[in-house]
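Single chain ahead, by itself, as structure tokens, in the form predicted on its own.
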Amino acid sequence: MKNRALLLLLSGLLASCTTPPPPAPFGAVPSARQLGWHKLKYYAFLHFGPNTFTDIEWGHGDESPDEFFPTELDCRQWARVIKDAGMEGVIITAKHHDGFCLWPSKYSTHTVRESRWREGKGDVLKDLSEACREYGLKFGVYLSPWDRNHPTYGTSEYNDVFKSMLKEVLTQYGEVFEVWFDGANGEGPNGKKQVYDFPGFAEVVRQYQPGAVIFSDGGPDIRWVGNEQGYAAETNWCTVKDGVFYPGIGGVNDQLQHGHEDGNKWLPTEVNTSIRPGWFYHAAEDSLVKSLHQLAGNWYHSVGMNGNFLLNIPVDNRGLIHENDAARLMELKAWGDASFRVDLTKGATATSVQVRGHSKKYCAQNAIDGNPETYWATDEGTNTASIEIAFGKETEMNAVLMQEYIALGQRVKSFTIEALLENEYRPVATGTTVGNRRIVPFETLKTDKLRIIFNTKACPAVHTIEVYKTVDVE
């Protein structure tokens, strides 16, 4: 009997020491290529083509290829500016609606090959992809299916032409991290519209660049944010209902901005805007570059609102990033460095009474340990939980960054941030979704403790909490 009792006691002790399994994935979850994209924050859109020289936004496809004539084109200058600005990659308009190809495509007669630039021997994609490799930037391409020049546009043959063009771009210039499909659909030179084979286009991408994410209004990997002002919504779910969005849905779209809380497909937002009023370069807009205040607002409402920030920088008619744009980009970089370089949780202590299985593997300290692969989690069914961060001394702060462990799904529905002020916790900010990344600014205060209360759809899994004293922008 004594031996039996001892065995039972040992079994109980071993059971109590057993680490509980991780939370099961909740709802739709990201693919491996989407998780890779989520690690990015900020990259450049480069609109460049005949429109740069004709001073219009949408070319008609009937412009002479000789219109394209940059006299100082230097893709290394683009890459250098973009790298210095803290950006992680580039997406170039390889073919816009006018049909002009920035590479010498075999499937068109409206390309750099027909232009006088470099006597028809130039290739912008070659120059840019090489510059990206030199400066450690990711390389991406925009291809508009609309083609206002190609004679087969509006026929079944054109879809095959477009796939062939896509294959050229995806096989000749090294690794491509993102393929950007514009859904615009208008008449071609023959007065016809095209029925696009978007599933077939996606198959080409998957075949030749399986690691690339595909952007369109309907994905399949990432979605448009629903506006061109650079603002994601306060509530921004990575999940959507399958079949609701499609390429070319168009217009300012609330559902695109918010996603669907009960969506069954992972389709996160890319937040795009231009540093100028237009997307292509116009000399008349040299004095209209967005202010630092505007760009910082875009940062908070993209990177800080569960999206990635795609900022357009129109290459000018010399073939360079204009000095005014470059200067403003550096101002934004300086503001970001000053605001987010010092994480005030370094040396702090995080605690919670709600820890999954009381296991160190899921303890609150994981949220401030700087390791994105560890996270704080609670027991199943604990959908309201709080975490407290003690700084050890009065500390000035005005922003909190939070990240969920999204490999297990998006879970947070709402949150409240409280500061210990005059010996009691007082709310200083509230919000809804978190997702991959959320930055929450509030009035500057001094405290030695913060508490964050989460309301979730399933037990929380939070891998990062950072606290900052950001710099004000006039």
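Just so you know, these numbers come straight off a predicted model, no measurement behind them. The first residue of the sequence shown is number 1, and the count goes up from there.
One more form of this protein exists, namely the form predicted together with beta-L-fucopyranose (FUL); it is left out here, but the text below deals with it.
- Proximity to beta-L-fucopyranose (FUL) in the model of the complex, taken as a non-hydrogen atom within 4.5 angstroms, holds for one residue of Tyr231, Trp279, Tyr135, Phe198, which is Trp279.
- A heavy atom within 4.5 Å of beta-L-fucopyranose (FUL) in the model of the complex is found for one listed residue only; from Gln194, Gln209, Asn272, Ser108, this is Asn272.
- Taking the partner from elsewhere, Tyr142 is found to have a heavy atom lying within 4.5 Å of beta-L-fucopyranose (FUL) in the model of the complex.
- Although the partner is absent here, His47 lies within 4.5 Å of beta-L-fucopyranose (FUL) in the model of the complex, judged by heavy atoms.
- Though the partner is left out of this view, Asp127 does not reach within 4.5 Å of beta-L-fucopyranose (FUL) in the model of the complex, counting heavy atoms only.
- Shown alone here, His97 lies within 4.5 Å of beta-L-fucopyranose (FUL) in the model of the complex, counting heavy atoms only.
- Only one segment in the set 200 to 208, 175 to 183, 375 to 383, 347 to 355 has any non-hydrogen atom within 4.5 angstroms of beta-L-fucopyranose (FUL) in the model of the complex, and it is 175 to 183.
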